[in-house]
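One chain comes next, on its own, written as structure tokens: the form predicted on its own.
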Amino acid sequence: MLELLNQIESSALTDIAGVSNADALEQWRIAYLGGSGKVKTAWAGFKDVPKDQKAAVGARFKTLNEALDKALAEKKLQLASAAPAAAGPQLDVTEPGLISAAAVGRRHIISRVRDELVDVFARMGFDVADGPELEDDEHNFIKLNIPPEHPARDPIDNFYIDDPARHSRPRMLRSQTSTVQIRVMEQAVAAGWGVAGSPPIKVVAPGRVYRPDTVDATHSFMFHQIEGLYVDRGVTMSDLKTTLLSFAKAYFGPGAEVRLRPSFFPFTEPSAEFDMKIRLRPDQPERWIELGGCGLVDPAVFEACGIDPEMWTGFAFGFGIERLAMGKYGIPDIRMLFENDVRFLQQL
């Protein structure tokens, strides 16, 4: 056994001297020190060594392993020091990146369109208002003249947080930004608004709304609206039509074709749908697309907010921001706005 171990050491040291690269060194390690290598194979015969020789043979195994481990470490160091230097300058990873090498991001199209709309209405004298997305049905329905038996209040058509059958004022995710106009009028009245000489209320309210709609090319269960409200003395449908036409031409260009169609909403009287001719695909003709609803504020809504409808009149409108974005930028499918496909986002 001692003679075998001497032969293994001599052979191993001779072979490693001729190793010239890392792959060959790994093969040498497997051949001599691996699980099926020559040293392990020899160790399997240790059980047959006579008892009086076991101490000497065991010590020889120890010195053999130490010698081969030392030779392996020295050869690794030798190969590393002999490796050619990397071509070109070394990269300092602590330095800031080069702007030209990085892709510059941009705001999402919905955020950009929201700001564009606010800018257009700001130039028309509208301030920006905001309200909570978690609402109660008093602001979402009751004060908007939507009675308890109205089908729009059905739980299947809304995201209720509280069970309407067990709560007198169930909370819900708002289904329309019209809730903001109610809060704006309530706050104005609470601050003393409504007497002779009071300034007009003139606001727009952009924000998210939620409805359990089936998702398709023009619908989503979460989308964005921009609500407009103007309250003053002697406001008429002519004021509303002039405002919407001015908005369409300012945002879409002087060639924008729009129309008002008679409709019905519980919170406006008279009411109308606001449509615009839009080409969603280059290979398709223009067609009328509904952008939202509008009308004169119903007297019942004024009374619910503490405003005298005999003294004050006003108009309100609400548009889908996604619909406006689709019309402005020729986007054929609302789902493209939420898929976060970088190829699509880079085009806008």
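The numbering used is simple: start at 1 and walk along the sequence shown. Owing to the predicted nature of the structure, the values given are computational and were not obtained by experimental measurement.
Not on display, but discussed next: the form predicted together with 3,4-dihydroxyphenylalanine.
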Practice task
Answer yes if any heavy atom of residue 211 is within 4.5 Å of a heavy atom of 3,4-dihydroxyphenylalanine in the predicted bound form; otherwise answer no.
Solution key: yes
Exercise for the section: Consider residue 316 of the chain shown here, and say whether it contacts 3,4-dihydroxyphenylalanine in the predicted bound form, taking contact as heavy atoms within 4.5 Å. Expected result: yes
Problem - 3,4-dihydroxyphenylalanine contact at residue 267 in the predicted bound form, heavy atom, 4.5 Å - result: yes
Handout entry: residue 176 within 4.5 Å of 3,4-dihydroxyphenylalanine in the predicted bound form, heavy atoms
Key = yes
Practice task
Tell me, please, which stretch of 62-70, 22-30, 294-302, 40-48 lies within 4.5 angstroms of 3,4-dihydroxyphenylalanine in the predicted bound form when heavy atoms are compared?
Solution key: 294-302
Fill in the blank from the handout: The one residue among 145, 220, 243, 225 placing a heavy atom within 4.5 Å of 3,4-dihydroxyphenylalanine in the predicted bound form is 225
